[in-house]
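Here you'll find one protein chain in two forms, each presented separately as structure tokens under the names structure 1 and structure 2.
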Structure 1
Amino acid sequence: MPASTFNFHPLEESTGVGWFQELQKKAWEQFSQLPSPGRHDEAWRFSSIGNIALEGFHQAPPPTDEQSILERSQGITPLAAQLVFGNNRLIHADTSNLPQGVILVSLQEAIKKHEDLFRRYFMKEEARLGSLKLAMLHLSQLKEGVFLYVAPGVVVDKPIEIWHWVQGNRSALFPHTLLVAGAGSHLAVIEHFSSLEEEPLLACSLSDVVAEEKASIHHVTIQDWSPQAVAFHLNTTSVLQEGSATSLQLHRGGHFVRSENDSRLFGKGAKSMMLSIVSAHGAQEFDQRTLQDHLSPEAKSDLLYHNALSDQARTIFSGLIKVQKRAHRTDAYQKVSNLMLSDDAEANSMPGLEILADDVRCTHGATSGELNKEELFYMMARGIDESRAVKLLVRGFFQTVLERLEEPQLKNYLQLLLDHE
């Protein structure tokens, strides 16, 4: 992953903003100096390092079929607002139904018109789960993204939808999403990552999610990249006192996909829910790394990841619950379940605990198993063919995760997506 592989495209060429130019240059220098992931790195244990060769990719050119992108950007309804990006460029924005006190703009507009607010939250936490080099690549190549800020006390009662599309052989995409819920506010966001064509691509996305005091955020991401995609999704969530953040990731596409989710509970009584559904087939590999970092007392975190693996698919899960000193009365859970639909599939699970405080309740575990043969026989005995019966049982396996999602509109939409798998 040498720096010489890439062309540097500084954002300041289009914005003229000096501070961001300096930030990107430093990121490029750091990317160039940091070592590439290796087979002996614990943060990349079990991962197929050969799948992350990034040579030959280039910054995505302007999309050639904006109309097709817009026609296919039909998701959840009704909406509070929608942004659609194609190849790192904003091509559609509808924010007319947003309440007062909400800022929803592109990254370039945020840098120009909301600099102080944007700089207060932008990439304040370092990537800690093994992909700092990739985070620096993301920052150095960043051209566009989303800045969403909800003022204290404002409730956005309908979801906000964001689409990121990529088109073009060996195109590289670097989406950035910054979501901030001010004190006492409420926000739900659904974000799509999709390919217009089935060609090789590189995606390196990064999201920062901040829930301030007594705020509530629901963030759903649906990853449906090309089957030839190499993708990295790096996510950092910060939750302040009595705030709550729920994230759900649905992974369907890609060839090699690495997902890092770092949840930091900074305030007393903070809550974090981390959910994931992976449908892995063919030769797909999904590499999942998580951290539930408790820094204050009486905080709660709950992680539930369900992976269904068929054919020669592989998954890796490495998750840590860390309870810092003085984070007393922590309540933390972590569970990953793997449903093995093929003898050739492989699931690697490494849950862990690190507890430095007293009076805590922490549990973690991982399971791998096959379909219930009695349930399968029962359904087939009643006239349901085997293929359909398997799909229904897998659907029930995923339903356990969906039930944790408290936002009804988001839950119903995801149920419809899974029903049409």
Structure 2
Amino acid sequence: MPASTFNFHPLEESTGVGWFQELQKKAWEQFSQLPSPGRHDEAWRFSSIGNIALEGFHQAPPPTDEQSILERSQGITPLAAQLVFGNNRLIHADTSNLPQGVILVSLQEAIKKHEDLFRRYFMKEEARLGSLKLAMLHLSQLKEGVFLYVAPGVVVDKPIEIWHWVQGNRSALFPHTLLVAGAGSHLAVIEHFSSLEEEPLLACSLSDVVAEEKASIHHVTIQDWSPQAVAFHLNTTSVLQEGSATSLQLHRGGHFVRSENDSRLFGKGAKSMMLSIVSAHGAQEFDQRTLQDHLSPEAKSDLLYHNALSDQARTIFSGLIKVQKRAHRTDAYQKVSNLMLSDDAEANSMPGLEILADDVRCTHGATSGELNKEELFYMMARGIDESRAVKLLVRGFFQTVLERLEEPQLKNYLQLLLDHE
């Protein structure tokens, strides 16, 4: 990764908050000092990062076509609330139906109006799966984002939807999402990352998800960047005692997409489910790194990643289950499956376990295989054309991941989305 050509422009004085600018300044220094990642780093093994240029991108200017963005921001219905961002700027907010006790504001407003609360949660967990430099670039360049806080005990019974749009040639985008489900609250969020055009772009998004005691949060991300996008998606999930977090990432777009998903099970009896569906075509590369970090006893984590690879697509999966010393009676599972639809596609899987506690149940596994020819014949023997049968089998391969998602509205929406591919 050659040095980027970004300049440092912290959030303007007008926000009136020195601490944030100070963070940005430090982040810029760290970004400048940290070495660029390369394949020689274990955290970037098999990655094509060395061939990915971060030069020639610029902070995205205001979008020129807000109307198109708003028209195309049609996702799930009914909704509890919707925010639409275009090129890092909030262009639409509908929060009127939110129950009492829910704060859903832009990052700038959070800094101004909810400083203490926002500061308590903002970027508390360091990026540790290889992309610290990119996390620091993200922070130093940060202009806008989402702050969602649900007060203890509040149930948001419909999903909250967030759109991050990008427009313009060689735009750089830094979407930021901070989701906090207070103790005993319930929350479902769906985020779309979408391009208005098929231009080259750089996206460096960071999301922090916090499920406090006995809270439940579902977080779905649908990544549909332009086929020329270089994208980094850094996600950290923190779950406290008996809290539950489920994340599902659906990756479809992009040219080079790096996704880091770090789950930290801080509390006893915490649960984290990590799901991912990747549909890789052409020369796309999806580089996924995960960590299931068990820091307390009796927690459960379950990871299921399904990749379907066509053409010359590449995927890389490296995942670690780490069971810390005091995390007895841990349940941890990790499974990645690669469905190879082309002889030229390449899947690299590196599952891993590091267990320091006793009395744990951990399994991990990685499989790569072609479509089952007998299943294909069975479908064709019913009159279904081969191409349609392949589509149905791939759809079935993705469906086994969707089945794990327990939030019915999000599940139905994703099913329809995949049915219409």
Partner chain sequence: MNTLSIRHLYASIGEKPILEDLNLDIPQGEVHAIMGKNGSGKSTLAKVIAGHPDYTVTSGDVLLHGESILGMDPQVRARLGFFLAFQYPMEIPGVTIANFIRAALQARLPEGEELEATDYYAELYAKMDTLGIPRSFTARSVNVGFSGGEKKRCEILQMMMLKPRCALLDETDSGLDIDALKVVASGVNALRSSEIGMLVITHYQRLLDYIVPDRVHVMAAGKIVLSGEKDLALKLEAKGYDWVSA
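Here, residue number means position along structure 1's sequence, counting from 1. Each form is matched to the other, and the largest set of C-alpha atoms that superpose within 1.5 Å is called the rigid core. If you're wondering where the values come from, they're calculated on a predicted model, not measured in any experiment.
- Shown second, as structure 2, is the form predicted in complex with its partner chain.
- Core-superposed comparison between structures 1 and 2: the C-alpha position of residue 361 differs by less than 2 Å.
- In a rigid-core overlay of the protein, residue 371 has its C-alpha displaced by under 2 Å between structures 1 and 2.
- With a cut-off of 2 Å and the rigid core superposed, residue 383 has a Cα displacement that reaches or exceeds the cut-off between structures 1 and 2.
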